[in-house]
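A lone chain, given as structure tokens: the form predicted alone.
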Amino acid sequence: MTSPPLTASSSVIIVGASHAGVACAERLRKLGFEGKITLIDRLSGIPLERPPLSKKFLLAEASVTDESFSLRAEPWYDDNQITLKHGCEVKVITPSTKMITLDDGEHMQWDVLVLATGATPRALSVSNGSSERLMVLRHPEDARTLRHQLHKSQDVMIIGGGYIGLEVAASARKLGKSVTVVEAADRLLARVASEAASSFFHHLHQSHGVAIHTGAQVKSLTDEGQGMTISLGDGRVMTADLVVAGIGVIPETQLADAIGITTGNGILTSNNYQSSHPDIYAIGDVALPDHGYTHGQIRLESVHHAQMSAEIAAATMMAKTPSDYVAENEVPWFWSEQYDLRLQSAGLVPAQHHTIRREGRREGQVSFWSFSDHKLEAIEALGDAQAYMVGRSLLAAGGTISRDIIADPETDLKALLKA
């Protein structure tokens, strides 16, 4: 079932003003929508970019203003006739009357509702897990508090060896802090990276003085007033002035659950990001499309997916063919910056994979090409933009490339694009 196309008298309310929400509002205007657009965000202030929060934002001086990291400059909202209501929260959705109720009691009418509610950091299930010395990093306010605490701490522990944890570790080391990373899995980046890339990052952080403990389960945290004591499952005890937990996120599906929209590990949607209610869409980190690149199995948590899902949803609302405006279900791509090195990756590394390492044309460049059987599934490039672009193009073309060709150091990667 599809909803009727938007008209100049329609009202679109977007819940969540991060990358997906802002991108959806922008695309609607670019597609010619002349009706009312309202962005509602529970956070106060102008929406900020999320990727810098674990990197440049943490390293910035306190005098640097938030506007330096804003998703769009403040005048953009007025220029595009987009109403931004921030510092307020949607409490109730009433589908029968197409009404929402905010936490201050205000009621607002909608013709199409977009849920870009994102995800919440997974809680660390240990005693004293609510201590003020235990921090997470997801929203700008988290980053502001963490930046303040980092500057007055010396010993920092990161619980979780995913990208966020490692980016915070790198930022803390740049600030001259003593840093320890504790990861429950047997390697860093276990859910998202190849074993070869995991090993690379392990050695990278060790070379910068980070102490890394894998296969280590946090059993308890004790706030000692001046710092925290961390007990591991194997009996080891460590101390830190500041502890940052980065152990994954949980999609914010509460609003959808309350009105009976189909959810699972996210809000389940069609390939056009319509939920089980035809006039309610879900985009960004909270959305799990039934087909798409992951065939309805895995949510994609990235700026790329936020942008893509927003553009597909906006085109659908306007009764346009999404593929005319955005490459639907294109190969997902990600990036990370740690120290002075940039990772660019595309595709998803399968659980069972064979990885080929290639040295780049310049010193320090390296890339990892992961295959399942003889099909290329992912490229992870460290400081090697050419390898990334070639790998991403090969993935978009179906990943049919011989392992031997990639493994041969004499192979001219650029020539592969012309084959």
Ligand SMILES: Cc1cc2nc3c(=O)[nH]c(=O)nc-3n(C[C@H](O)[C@H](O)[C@H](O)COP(=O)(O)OP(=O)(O)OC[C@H]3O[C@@H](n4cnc5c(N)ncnc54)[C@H](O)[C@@H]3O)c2cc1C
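The structure presented is a predicted model; accordingly, all values stated were derived computationally and were not measured. When you see a residue number, it is the position in the sequence shown, counting from 1.
Here the subject shifts to the form predicted in complex with the named molecule, a form of this protein not shown in this document.
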property	result
Candidate from 171, 269, 194, 117 lying within 4.5 Å of the named molecule in the model of the complex - any heavy atom	117
In the model of the complex, the one of 366, 40, 356, 46 near the named molecule [non-hydrogen atom within 4.5 angstroms]	40
Residue 177: touches the named molecule in the model of the complex, heavy atom cutoff 4.5 angstroms	no
Exercise: residue 370 in contact with the named molecule in the model of the complex, heavy atom 4.5 Å	no
Exercise: residue 77 in contact with the named molecule in the model of the complex, heavy atom 4.5 Å	no
Partner contact for residue 167 in the model of the complex: the named molecule, 4.5 angstroms, heavy atom	yes
Three-residue site 98, 256 and 314 fully in contact with the named molecule in the model of the complex at 4.5 Å by heavy atom	no
One stretch from 375-383, 49-57, 28-36, 348-356 that, in the model of the complex, holds residues within 4.5 Å of the named molecule by heavy atom	49-57
Stretch 84-102: residues contacting the named molecule in the model of the complex, 4.5 Å heavy atom cut-off	88, 89, 90
